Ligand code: NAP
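This document starts with one chain, in the form predicted alone, laid out as structure tokens.
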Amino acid sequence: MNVGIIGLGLIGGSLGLALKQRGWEGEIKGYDAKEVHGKKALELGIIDNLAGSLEELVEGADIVVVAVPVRAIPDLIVRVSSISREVIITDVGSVKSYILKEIQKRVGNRYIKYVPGHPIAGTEKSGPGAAEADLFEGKRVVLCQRGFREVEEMWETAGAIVEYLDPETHDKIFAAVSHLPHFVAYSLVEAIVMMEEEKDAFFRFVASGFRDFTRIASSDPVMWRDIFLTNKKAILQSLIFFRNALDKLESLIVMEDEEKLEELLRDIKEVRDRVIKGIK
């Protein structure tokens, strides 16, 4: 089966590289609106061929993967489906309900072979130079539409484990476990920027704790702008719980309740350590 990848950054590039290095039987063709990204992907061996247009990418493709920021995904899916009604289209967007609603606005009841997808993998780096052949090894990929074994096989070849969720549940879960942590990391850096404006040299003394905690604040701003805006409702709901957790910890500090503070920190540590053990 031939695969076409739109967007040759970290995720799209890593998928192409993984398929090529793991013996995928079929052509891997790429297209990127940034010409420099396309040429770099070809140079790095991420793809077999570089398409000069969407029409050229779709021609001969069995699966088209849309790997671009969330708000650009619906239009591209509709455009690809208008070029070929036979091609299977999937994506890597971190928000699913928004994409499905936007597609329906554009095509109504017209059937599209679309499989909403989201690989649970990534780094703070971007561009084809950040692509890693083993990025998806042992990682989960969530699909929101059953019945397309071709898409399952593609992700399994890349080393991933396929699971299924409905779009609403997906968005609620990832608002909490992915989008909220990014929101917090960006906010922490901004808070220290504000304190730095008081003329104290905070950033001169940051160490590994700051570096590790805020690593994800180096992620692609366009991608995260789109995620924050398109999963707004679920993220704002997650923020309610986060504020409650902050208030709980703050109140124990204010009251200087040593016993309960240590107990809370210990409980949180145990939960975190148990969860991290299950992450590959």
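Given the structure is predicted, the values throughout are model-derived calculations rather than measurements. Start at 1 and count along the sequence shown; that's the residue number.
Quick note: we don't show the form predicted together with the named molecule, though the next part is all about it.
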Check all three, 123, 127 and 223, heavy atom within 4.5 Å of the named molecule in the predicted bound form: yes
Exercise: residue 12 in contact with the named molecule in the predicted bound form, heavy atom 4.5 Å: yes
Residue 4: touches the named molecule in the predicted bound form, heavy atom cutoff 4.5 angstroms: no
is_contact(residue 94, the named molecule) in the predicted bound form, heavy atom dist at most 4.5 Å: yes
The named molecule contact at residue 46 in the predicted bound form, heavy atom, 4.5 Å: no
Single option in 34, 233, 248, 211 placed near the named molecule in the predicted bound form, where near means a heavy atom within 4.5 Å: 34
Interface segment, criterion being heavy atoms within 4.5 Å of the named molecule in the predicted bound form, picked from 114-122, 81-89, 142-150, 188-196: 114-122
Residues in 60-82 close to the named molecule in the predicted bound form, defined by a heavy atom within 4.5 Å, in order: 67, 68, 69, 70, 72, 73, 76
